[in-house]
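Before any questions on how it binds or moves, here is one chain, the form predicted on its own, in structure tokens.
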């Protein structure tokens, strides 16, 4: 007698859009839109909303695993929200600090390295851009392999950028003058900025490694295509 095995019900498109972590993602987008709308009129509220949105980046990942609602759409939404919000803040900093090219270059490095990493992941057929176990760089493996280490570097970046935003008292301030002024007196705020600088530096090195590694994968893919009959 044949046993009728019922297949699990296929989720609808709407149900995926309404996954709990994806709803958190939509809230993050709305918070960021409002935050940047008031960034020049209410610095304190901007920082609160921006940081809450950043914290929600970790909450939606937890919710996805907790409720078994991991989705490709959610992962892409998450990354796009991260990249755009950080890029917007860096653009603002480029307008209030000199040299502005410093912050514009950070935008290019952040977006370029992550875009290349996502594309190289697609070429390799991997499920996640965080799967770098086969990388020859121990720092790259440590960054994506240790959640706490990656969280520290990401938080350090955002805290540094928010701190610089709060420190900017007038347009066209020189970045080095502001950073050097923090070293003249030891305070909880200067220590926080110092700790953030260390994590920020690690993340920029990881971004460079990520860009180079992903570019190599793209080049090797082209070479293999030419060699195949």
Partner chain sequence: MAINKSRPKKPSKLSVYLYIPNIIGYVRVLMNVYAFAICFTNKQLFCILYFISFVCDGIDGWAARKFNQVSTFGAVLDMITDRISTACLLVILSQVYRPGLTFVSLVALDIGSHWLQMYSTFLLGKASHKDVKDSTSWLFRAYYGNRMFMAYCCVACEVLYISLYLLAEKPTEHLMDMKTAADICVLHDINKKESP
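If you're wondering where the values come from, they're calculated on a predicted model, not measured in any experiment. Positions refer to the first chain, counted from 1.
Below, we refer to the form predicted in complex with the partner chain, which is not included among the displayed structures.
Should residue 95 be classed as touching the partner chain in the model of the complex when contacts are defined as heavy atoms within 4.5 Å?
It does: once the partner chain is placed as it appears in the model of the complex, residue 95 has a heavy atom within 4.5 Å of it.
Any of the heavy atoms of residue 112 lying within 4.5 Å of the partner chain in the model of the complex?
Residue-level check for residue 112: yes, a contact with the partner chain.
Contact with the partner chain in the model of the complex for residue 138, defined as at least one heavy atom pair within 4.5 Å: yes or no?
Result no; residue 138 lies far from the partner chain in the model of the complex.
Test of understanding: in the model of the complex, would residue 119 fall inside 4.5 Å of the partner chain by heavy atoms?
It does: once the partner chain is placed as it appears in the model of the complex, residue 119 has a heavy atom within 4.5 Å of it.
Which one of 165, 54, 36, 200 is close to the partner chain in the model of the complex, taking close to mean a heavy atom within 4.5 Å?
When the partner chain is considered in the model of the complex, the option within 4.5 Å is 36.
Three residues, 72, 101 and 216; all within 4.5 Å of the partner chain in the model of the complex via heavy atoms?
Yes, the whole candidate spot contacts the partner chain.
Out of 72-95, which residues reach within 4.5 Å of the partner chain in the model of the complex, heavy atoms considered?
Read in sequence order, the residues that approach the partner chain (within 4.5 Å, in the model of the complex) are 72, 76, 79, 80, 83, 84, 88, 91, 94, 95.
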